[in-house]
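Before any questions on binding or motion, here is one chain by itself as structure tokens, the form predicted alone.
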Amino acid sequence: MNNLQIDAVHLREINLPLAHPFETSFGVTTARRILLVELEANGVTSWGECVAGEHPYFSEETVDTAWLIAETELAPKLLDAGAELSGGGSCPHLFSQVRGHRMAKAALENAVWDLEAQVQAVSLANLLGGVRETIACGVSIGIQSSLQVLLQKIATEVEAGYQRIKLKCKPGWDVKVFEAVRDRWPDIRLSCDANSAYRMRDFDHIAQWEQFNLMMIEQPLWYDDFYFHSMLQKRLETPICLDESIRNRRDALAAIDMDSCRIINIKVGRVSGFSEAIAIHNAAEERGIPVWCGGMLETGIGRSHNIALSSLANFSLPGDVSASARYWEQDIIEPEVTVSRAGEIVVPQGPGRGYEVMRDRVELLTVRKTTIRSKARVMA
């Protein structure tokens, strides 16, 4: 295709309250500060979303660090790329001088992929190499105020058709919880996510979880670890799934070779964008390791990107890509993302993301905005 010429990069922060509080081992989230990226180029606009949180708890990045790096480093590189920018796959090279800041990079890169798909008049899923017309959906349920409240929420999601239930867990909220859930639903697909809440002293405790027939135990130990996860995996029949530890293809290969995990959660925002996500997907597929797509409390913009990514062949396990209404009273896209009673989302086939951004609603939610343009073109 012809080179893309970015005319402007718009950064904006919106504030959006969650429909229900979401608790993990990091704490409770009731509202999100969200950085959105809008690109103007080739007569169209495209969108990306930064998944960084308000605090550096899941990642060292925050909304504010992502804003700074996007504004001062990444956006200027995009605007002045010239012939180097042929599509989303050009972004890793363009951004390579900037170390880290993967969530900031992903927000801009993913917007470029969306732009490329619109210019080519193909779906984003098709451009990424997707092969699925529908994707299987699981759901992530946060730590609740009581076991009874948790069971009620699970009942709602099972009735809604979700194909896998993931429970957030932490010390003191694990064995009794799993036991109660399995007593009521002995056959559902069940997994847990510890978000790095356990340590080596907990190995014997975690080994007790084998009795609950979990699909996987996600990121039980340190967020940056392979070695001790490998030690734990050798004690377990239940697959360990790594999330935070996997930053790129090299990490995925190392984790697989060390038997640190037997499943990988790919979050496109965590790994710098679609280019690296596809590379991880391909490396895992070549080695027989299934992957699935994790969620980061995204709006419909990030959610639409997750749907497109999940259409790739090796996304063979239900991901955390669920309906808009599970998280927001009103999303910022139309139509909102919905899940069928079979626990599936239809992959859009129209150009780009397949969902329209509700610009009036976005403007209403915006608390700050800036526009970056190419200095060379402004002077011209």
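All figures in this text were calculated on a predicted structure; none of them were measured in a lab. Residue numbers here begin at 1 and follow the sequence given.
One more form of this protein exists, namely the form predicted in complex with a small molecule; it is left out here, but the text below deals with it.
Asks: At 4.5 Å between heavy atoms, only one of the stretches 209 to 217, 110 to 118, 162 to 170, 79 to 87 reaches the small molecule in the model of the complex; which one is it?
Replies: Careful reading of the contacts points to 162 to 170.
Asks: Run the contact test on E61, Y223 and D251 with a 4.5 Å heavy atom cut-off to the small molecule in the model of the complex and return yes or no.
Replies: Answer is no for this spot.
Asks: Closest heavy atom of G295 to the small molecule in the model of the complex, within 4.5 Å or not?
Replies: Yes, G295 is a contact residue.
Asks: Is it the case that S140, even though its partner is missing from this view, gets within 4.5 Å of the small molecule in the model of the complex, heavy atoms only?
Replies: So S140 counts as contacting the small molecule.
Asks: At 4.5 Å between heavy atoms, is S260 in contact with the small molecule in the model of the complex?
Replies: Heavy-atom contact with the small molecule at 4.5 Å: absent for S260.
Asks: At the 4.5 Å heavy atom threshold, is Y327 in contact with the small molecule in the model of the complex?
Replies: Residue-level check for Y327: yes, a contact with the small molecule.
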